[in-house]
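Just one chain is shown here, as structure tokens, and it is the form predicted on its own.
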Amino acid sequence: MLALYHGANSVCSIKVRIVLAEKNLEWEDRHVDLPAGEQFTPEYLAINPRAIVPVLDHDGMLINESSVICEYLDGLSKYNPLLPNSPHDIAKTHIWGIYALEYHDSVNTLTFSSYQRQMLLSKTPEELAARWAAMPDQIRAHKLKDLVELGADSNYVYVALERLARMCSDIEAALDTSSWLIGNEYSLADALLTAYFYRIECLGMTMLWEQRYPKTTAWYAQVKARESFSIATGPWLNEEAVRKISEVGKKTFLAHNKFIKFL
């Protein structure tokens, strides 16, 4: 049996849900309420001491790290193989997986400096202090505290936008010779990156690619048209929720002249 501990709007959880849908695998839903702080409970810390989602439970064997989970899931079934055949293309897939760590950190920065910031500022200073103290990774806690306190004025935000602009440029270059990231077939590499674009779209920041990168724009339209995309996102984030997130994102970033080069 497959069970997934995941967050509704967690980027990494969306990534894994996309692969579960692509592979047509049945799984048990073990939702973790991240805004409520369920990831910091003793019960969840026993599952993942790093207090992050997702975690895959396969017959009692726990696997974390979303990109690793995705490749593991691909190996469970011969249906719709997502990992390429050639060693060279497998290596390229793993490189995209490593790049995804940077992309995750960057979209996480935009998230916590905008709509997550708005949510967290409703808490008391004591509640926020307890949340930061509960995080096993205190370097990450320091960063998130800075983002919540400063919002778009945090230096982390400018760096994140620079990284995401490079992401779009890298993808544009990869699409020079193919319609997908690796060759002319949808693969694991495309699945690994989709959720980051979706989060940026939710934040109202699609101009990061729409005005400069036509191949990247077409690529994202292709991945959104796949059934796996709607299966992985639709039940967890409705149009009204996306609209509210987008309003906060646009208000946070579009009013800052220092970001004009990216927009």
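Worth saying up front: this structure is predicted, and the values here are computed from it rather than measured. Start at 1 and count along the sequence shown; that's the residue number.
The same protein also exists as the form predicted together with a small molecule; that form is not shown, yet it is the one meant from here on.
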query: Triple contact flag 10, 39 and 51 to the small molecule in the predicted complex, non-hydrogen atom at 4.5 angstroms; finding: yes
query: Any non-hydrogen atom of residue 194 within 4.5 angstroms of the small molecule in the predicted complex; finding: no
query: Residue contact check: residue 56 to the small molecule in the predicted complex, 4.5 Å heavy atom; finding: no
query: Contact of residue 101 with the small molecule in the predicted complex (heavy atom, 4.5 Å); finding: yes
query: The small molecule contact in the predicted complex: residue 201, any heavy atom under 4.5 Å; finding: no
query: In the predicted complex, the residue from 166, 131, 123, 94 that sits within 4.5 Å of the small molecule by heavy atoms; finding: 131
query: Candidate stretches 211-219, 64-72, 23-31, 224-232 - the one whose heavy atoms come within 4.5 Å of the small molecule in the predicted complex; finding: 64-72
